[in-house]
Structure formats: structure tokens, C-alpha cells
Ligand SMILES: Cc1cc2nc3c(=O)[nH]c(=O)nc-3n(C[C@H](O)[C@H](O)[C@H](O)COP(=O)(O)OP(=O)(O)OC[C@H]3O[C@@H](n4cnc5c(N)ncnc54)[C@H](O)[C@@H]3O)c2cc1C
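Just one chain follows, in the form predicted on its own, and it is written as C-alpha cells.
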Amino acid sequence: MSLTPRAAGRHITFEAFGQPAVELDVDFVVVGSGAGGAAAAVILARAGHSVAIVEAGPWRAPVDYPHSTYGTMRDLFDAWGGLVTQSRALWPVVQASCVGGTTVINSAIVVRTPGDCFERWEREYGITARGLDKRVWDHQDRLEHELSAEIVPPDARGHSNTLAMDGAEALGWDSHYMVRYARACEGTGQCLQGCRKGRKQSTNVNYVPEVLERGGYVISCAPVDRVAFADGRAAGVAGNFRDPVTRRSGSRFRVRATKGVLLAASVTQTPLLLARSGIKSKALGTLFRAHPGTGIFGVYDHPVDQNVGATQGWASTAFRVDPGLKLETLAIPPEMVAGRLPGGGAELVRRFREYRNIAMWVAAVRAESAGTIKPGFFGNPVVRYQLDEPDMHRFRSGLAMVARMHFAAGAKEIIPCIHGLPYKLGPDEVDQIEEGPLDPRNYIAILSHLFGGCPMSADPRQGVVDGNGKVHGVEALYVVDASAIPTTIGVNPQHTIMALASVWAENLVS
């Protein structure tokens, strides 16, 4: 079937194999509906342009979000969350695949872009866009207003978050209750499974519907195979629908775009899409970076019930520069707690009886280590990444700081979850963490704040895109997700991703 903007405001989802191809004609096509893609698409739609958002995953309404971790990985995660780093340690790379992208399964944490990030991008990558910092901060003002950024309300903080504040205050550390894109959070503790209450302002409940309301298209269950070109210019995208349950391929779709193609398929997928589309760049797939994070359980002599209250409600950025850490709370579901506790059978059951009395707080490293993203044998992303020794020292120091916070807050013991250390440690044994192993295989960690793969640089030899997100050497092709950010930033990146994408989309309509 062929559609034009006259049939606007339509959501198109899976079409089975054998059905006629779906063909659209628009001004701009945006691949990906997460933080970067949705933020860019709504700017273009507000300027009066016809826009199509193409998303590889399905569109799930909050009422249909799963209750369990199993259901979340099945319905919302990319490839069941099975992507892990191919290096000395197999650390999971956390990303969603659904309309709204990872904004559906994260904690919607709002942190403004630190000024030193812009200084570093200019110093190391030649990004000298005049007034970029002010433009980003102006858009962050707008985003905070439009997406109801609020400090976690007292009634939604739960005991784990208030304990963390007590521990930080006892140690004299500067910290705060988080600001998040969440309207009147009720503290149901289900951020990681998607907020069934609809309080979290993930992009599938605001900007994506607005694009529809303004006459655009949303095509879901539609992974893009490649970008189409005409006369050296990006002219659209094409691919096959994918059944969200069986994963079988469906009919063909093509979206022709007369003014531009914007890619926001994720840090791991955007580099592969460019490679499949014939983009040749030595920088493609390089400078992959992350904030690796891991946690320590504090064991208290009273119930904490960490899943009552905001999943993440407290943080400290006081150590962002020295030693290069962010500390924060993170309440994980029972299934994930059981997966972190060592032992099995009756021993695991015995240990799990303390579940109500434990709280997990984490340290995320502002790592300088860099890796690569390349296509594997079957076309899936292969992420090669490992912390170097200085980053491992920071990683280990962060865990020791979290342990001290627990004891300052009144914990009687901690569970370090570090191979080679005892199952539990007491207040006088934190030095065992400080002197613990530097081998990343000894730690349970995840990569959730991802950067790079299509890094921006004024020099085409160093970067895939320029300071406006435009792919070097190709007209009308842009990258508007975190894959364009060439460094870690030391804070939660969603606010930065959305603001940068807004700036770059604004450049296309100004």
C-alpha cells in the first residue's frame, strides 16, 4: 500500500509476509523512538513537517507492561537483554526495543549536561558550535517543563532512598533526592519493568503520540535494513516488518524522505545500520564508552522493602570529577536479587530470607576506557569493551564508598557480591573491597549509560558525524542519539541526549 501525508496521523504495525509493501512519502524519517529519536521528531513535527518514526520494537501501552522481570525482558528488552560485552568479562548491555526505547525501562533521571563536557568536546574533537552549551541548556529547561521533571516526592521515596540520604549525611557527602521525568510519582518500584501507572514520562506517552497528532506516522515492529541514497544524498529507509512474538520477517516497508534521514536506533544499532548502508568511515564503531555500574547490598536489622518507593530516588554527583563516580540507589526486582546472590538450592533460599531487610546502592564509573561496536557473523552487534586498570581502581573504590555508606546508615553487614571475597563483610572489613581483585571477571556489572560508535568530531578521520550530527561526506543524513557523543559525561545521559537531538533537529528547520 502507498500512503502520503494526506492519510496522516497513522500508526502502522506488523504486516505479515505476502502482504503488499508499505510505502510512505514524508519530509523527514526518524529511525528510533527513544530519547534522541522522539525528541528530534517532535521538533520537526512542531515546525510543520511531515515526519515518520520507524521503530524496530512494538508499541506497548503502560497498561500492558509486564509485571515480572521475565516478561520485561521478553516484551521490552532488545534481544531479551542477551547482548553482553565480548571481552574478559561478559557484562550485559542494557537497552530496550519498543516504542519509547530505553526511556520505557530506565528511571527517567534528569541531570543537566555539565559544562566541562562541552569544553572537552571542543578541546579534543573540535566541536566549536557557537553557543551549543546554552542551546542545550535552553532545551533542557523546555524538556523539564514539558516532561514534568520533579524531585521524587517524600511519599514516594521509600526506605532505601531515605537510608541512602542518612548514610551520605553521616559521612558529610553532598547528595540529593533525584529529579526525574515523572509526574506525581507513586513509588510503585516498577521503573525497570515500565511504569504501569503512567507516571514516568517515557517518550511513548508524550512525544511519539504528539507526532501522530501533528499528522505524522509511527511504524512499529519495523527494523530498518538500510538507508537509501539518491545522488549522494540520503533519501529514505527500507526494511522488513518483524513479528514481535515469533520474530519472523514480515512484508517490506519503504519510507522516502525528501528533506532528511535521522538515525537514533541506539548506540549498538546505529553504527551497524550505517555500515550496512555503505558508509565508509574509520571512526565507525569506535569510541564506544559507558558508565559501568555495580552494587552492594546492605543488610539491616529491620525491613527496608527496597521495592517500595521509587526504583531510583537518591544520588550523589559530588565525586563525578574525582575520582570519577556517580553514586545512586537502585532497587532491583526479587528475581534479579536472587540472580546476584551466590549459592543455590537450600542455601540460596536461606539467604533470600533476608530479602526484605536488604537495600542495593550502586556506583557507576565515569570510565575513560573505550571499545568498539562491529557487526557479528549474523549481523548482530558485537561489543568489545573492558575497563583498563585505572578505571578498575575507580570501580573498586566506588564499591568501597557504597559499603561505607551502608554502614553509616546503620547496616549491620554488607553483601559485596565480589568473587573471592566472603559472602558478607562487617564494618571493619571494608578494606577487603579496597584491596580486592582488579580482574573484571570477579564483579557483576552492567552497562546502561552508553556512548559512541558514531562519534562526533570536526575531523572526519576521528568522527563519523560533525558538530551538527551530520554524517561526514553525505547530505541529509544525521545521527541524533547517544552514539554521536564521543565521551562519557559522568551523569545520567537521557537529558543530554534529548537536548542535543533537539538542537540538531532545530538546525534543520531554522
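All residue numbers refer to positions in the sequence shown, first residue = 1. Since the model is a prediction, treat every value here as computed from it, not as a measurement.
Note that the form predicted together with the named molecule isn't included here; everything after this is about it.
S.K.: Looking at the named molecule in the model of the complex, is some heavy atom of each of 157, 304 and 433 within 4.5 Å of it?
M.R.: No, the whole trio is out of contact, none within 4.5 Å by any heavy atom.
S.K.: Please determine, with the chain shown alone, which of 457 to 465, 480 to 488, 437 to 445, 40 to 48 has non-hydrogen atoms within 4.5 Å of the named molecule in the model of the complex.
M.R.: The contacting stretch here is 480 to 488.
S.K.: Tell me, which of 414, 222, 365, 274 has a heavy atom within 4.5 angstroms of the named molecule in the model of the complex?
M.R.: The residue from 414, 222, 365, 274 that makes the contact is 222.
S.K.: Whether residue 57 contacts the named molecule in the model of the complex should be assessed with a 4.5 Å heavy atom distance threshold; does it?
M.R.: It does: once the named molecule is placed as it appears in the model of the complex, residue 57 has a heavy atom within 4.5 Å of it.
S.K.: Check whether residue 29 has any heavy atom within 4.5 Å of a heavy atom of the named molecule in the model of the complex, and answer yes or no.
M.R.: Looking in the model of the complex, residue contacts with the named molecule do not include residue 29, since no heavy atom lies within 4.5 Å.
S.K.: Should residue 140 be classed as touching the named molecule in the model of the complex when contacts are defined as heavy atoms within 4.5 Å?
M.R.: Answer no; every heavy atom of residue 140 is more than 4.5 Å from the named molecule in the model of the complex.
S.K.: Can you work out whether residue 36 and the named molecule are in contact in the model of the complex, taking contact to mean some heavy atom pair no more than 4.5 Å apart?
M.R.: Output for residue 36 is yes: heavy atoms within 4.5 Å of the named molecule.
S.K.: Looking at the named molecule in the model of the complex, which residues in 478 to 494 have at least one heavy atom within 4.5 Å of it?
M.R.: The stretch touches the partner through 481, 482, 492, 493, 494.
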